[in-house]
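Consider the single chain below, provided in structure tokens and representing the form predicted alone.
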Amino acid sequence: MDGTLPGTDGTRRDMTVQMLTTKAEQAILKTFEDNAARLPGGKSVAELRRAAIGAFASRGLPSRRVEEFKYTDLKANLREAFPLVTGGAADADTTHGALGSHFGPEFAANAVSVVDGRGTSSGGHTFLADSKAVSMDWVQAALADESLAASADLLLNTALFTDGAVIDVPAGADVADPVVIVASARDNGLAVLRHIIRVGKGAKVTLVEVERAPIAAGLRQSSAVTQISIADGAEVVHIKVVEAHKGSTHLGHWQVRLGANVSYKPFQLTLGEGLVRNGLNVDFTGQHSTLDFGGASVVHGSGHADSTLVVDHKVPHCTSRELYKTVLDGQARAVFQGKVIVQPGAQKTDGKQMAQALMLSPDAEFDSKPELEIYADDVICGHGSTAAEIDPDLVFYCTSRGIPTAIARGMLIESFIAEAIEKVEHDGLRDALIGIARDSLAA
């Protein structure tokens, strides 16, 4: 069969999409049709949604034949799509429960809480479900960003997002308390969020995203895209914590644009047995800016954690650093894909990346694919990758000084993962992340 059907006019019409559509893809298309009329946004947003779902229908979920998803085959792994959740009510208990015990009450003071796809805020923040927010020019421009049509998972987010935080940090502002976006769920379902953030010139802010679902013991599918535009001279710390239970899926993506003299320090922590893919695209559009990325994952059982970065140096005199560490047990799998692009004319670029895995099981797998794409000649760029077991000599050194073997192994594992977490300078955040990672390691 050649994948076409004869039309009434004698032509042959392509039926490839129908042949390749899986149960999950069919469910996603039906979900859109069932919910399109009540999704937030005006006419222009509805047109964006319709175009996105049309492009998604022609592509389907990405499979291993798509280079960027070679190690994370969504078509094979996403067997079904849960119903879209479109509303929930957050309260203090909900926010504290989703944050977990390691985050103190001060983190809930400036929290943006999203439950079952709808947001409420203790700090008076704006949400995309508010028609006034969607009508703002800079929000409209962000929603229409053509780079978010690059892959089917991003198209899915554009078509189905139900809400998300809109955060506008004024020029010169120094936001003392971290702005925390907490996403949680009471029931099984598909939660789709879009966060749009603008940081003004010379501003300083710490952003924290928490994707955890302790409220419901069931499964959860979620998609979260965060778009950030950072103006000249601003300093931004950006943290994300994802904890996915077995059978749950999280598709996250950060799209970040840096102006001149910007300091951007993102950190991502992934835990559990679910399937998690965190993407990060950073565009350097102003000179003398710095990206300092840290990532860590602790993956158990049959869990799968994918960190995929694309760092695009478009202008001279910028610096990028990426450090990713993962601890793998059972049949867990971790993926690190880091591409650094140096465009013509982006001289004096300094880019380095390192990925390291600690293998606690012979059945675990670590796939590392660093890439350098350089079109300038006056640059300093490099990358490295390692995978190893716990050094028995170090264990012996500890036990020879009276430390029990199990405790010695735990200390070595924790010190390995802590090297990445130590990149977080905020004391309270760093302590919370170490505590969360320690709990996961103990499990």
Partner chain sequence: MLEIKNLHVKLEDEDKAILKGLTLTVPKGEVHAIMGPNGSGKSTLAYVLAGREGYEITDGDILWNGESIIEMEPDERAAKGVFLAFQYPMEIPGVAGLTFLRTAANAVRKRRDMAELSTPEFLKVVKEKAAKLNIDFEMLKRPVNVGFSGGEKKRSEILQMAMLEPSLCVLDETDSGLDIDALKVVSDGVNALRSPDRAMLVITHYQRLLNHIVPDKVHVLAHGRIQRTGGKELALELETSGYADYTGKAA
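Residue numbers count along the first chain shown, from 1. All of these numbers come straight from a predicted model, not from anything done at the bench.
One more form of this protein, predicted in complex with the partner chain, exists but is not displayed; see below.
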Testing 389 to 397, 24 to 32, 51 to 59, 37 to 45 against the partner chain in the predicted bound form with a 4.5 Å heavy atom criterion leaves exactly one stretch, namely 389 to 397
Even though the partner chain is not shown here, does D431 get within 4.5 Å of it in the predicted bound form, heavy atoms only? no
Please determine whether A376 contacts the partner chain in the predicted bound form, using a 4.5 Å cut-off between heavy atoms. no
Is the gap between M411 and the partner chain in the predicted bound form 4.5 Å or less for some heavy atom pair? yes
How about I403 - does it come within 4.5 Å of the partner chain in the predicted bound form, if we only consider non-hydrogen atoms? yes
In sequence order, the residues of 406 to 427 that place a heavy atom within 4.5 Å of the partner chain in the predicted bound form are I407, M411, L412, S415, E419
